[in-house]
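Shown next as structure tokens: one chain only, the form predicted alone.
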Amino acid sequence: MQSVDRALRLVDRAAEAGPEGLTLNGAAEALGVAKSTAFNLLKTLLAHGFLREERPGPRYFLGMSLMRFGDLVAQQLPVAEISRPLLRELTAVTSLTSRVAVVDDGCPVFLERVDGPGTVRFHAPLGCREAPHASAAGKAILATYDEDRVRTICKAEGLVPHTRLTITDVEALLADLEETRARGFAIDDEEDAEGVFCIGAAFTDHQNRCLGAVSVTGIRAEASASRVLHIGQTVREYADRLTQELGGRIAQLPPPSLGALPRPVGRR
């Protein structure tokens, strides 16, 4: 238990260190142990991706495994269950197909869908990652990130054209994301499929971190500029409601029972 406690405290110290990173001396001092002991703990955390090392120094920063776990936490929240009644309402209000997606490494993965009325059905399989640059949900998610992260995601995923209107230049995408932030929702104007438009807005957790996006899909010919604006504001409203619902559900969770655990070593 002592080693686990010390390792977790080093992760915590690396988080607090910020852009300067955590040094070996700082790690040893934080734990009150010899440098050799701190170094062995740091090596273990590096091996599992909980920390990363930069030289010269070396200095230690939070690792990529933590980002993966953050995405998994978001996916394990009961998003589909909580969003289902909201999607039904959204479809009833807009007469469009509504969907909800969670984030997977910057890409939307759709968990739930409520089809709009009528005979038109859109090919929108659940559980698949979609291109973030070509979908309204994806662009809504990207708009919550800074420029460096957007560039990193675009480099990893590629800006593959889906139609003649797909944004395939990163600078043009960044400009589109600025417009998304200003109006509060993203627009896919025949960028993923010809003749189809989508509007999406991001929802967040209690710390304002993006968990995913709500979106609606319809026929482009039926969408005037004024209707797109009205629908966008409505989607934004429902994304905000989902944020509130998720926050309320988290607040209702019982606190973990710590009575059987020993007190952390070295903490008061």
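So that the term is clear: the rigid core is the largest set of C-alpha atoms that superpose within 1.5 Å between two forms. Numbers follow the displayed sequence, beginning with 1. Please read these numbers as outputs of a predicted model, since none were measured by experiment.
This protein has a second form, the form predicted in complex with the DNA, left out of what is shown; the following refers to that one.
- By the criterion of a heavy atom within 4.5 Å, residue 208 is excluded from the residues contacting the DNA in the predicted complex.
- With a 4.5 Å cutoff on heavy atoms, residue 24 counts as touching the DNA in the predicted complex.
- The shortest heavy atom separation between residue 48 and the DNA in the predicted complex exceeds 4.5 Å.
- Shown alone here, residue 225 lies farther than 4.5 Å from the DNA in the predicted complex, counting heavy atoms only.
- Looking at 211-219, 229-237, 198-206, 34-42, the stretch with residues near the DNA in the predicted complex, meaning non-hydrogen atoms within 4.5 angstroms, turns out to be 34-42.
- Using a 4.5 Å cut-off on any heavy atom, none of the residues of 131-162 reaches the DNA in the predicted complex.
- For residue 242, a C-alpha deviation below 2 angstroms is recorded between the shown form and the other one after rigid-core alignment.
- The Cα position of residue 199 differs by less than 2 Å between the shown form and the other one after fitting on the rigid core.
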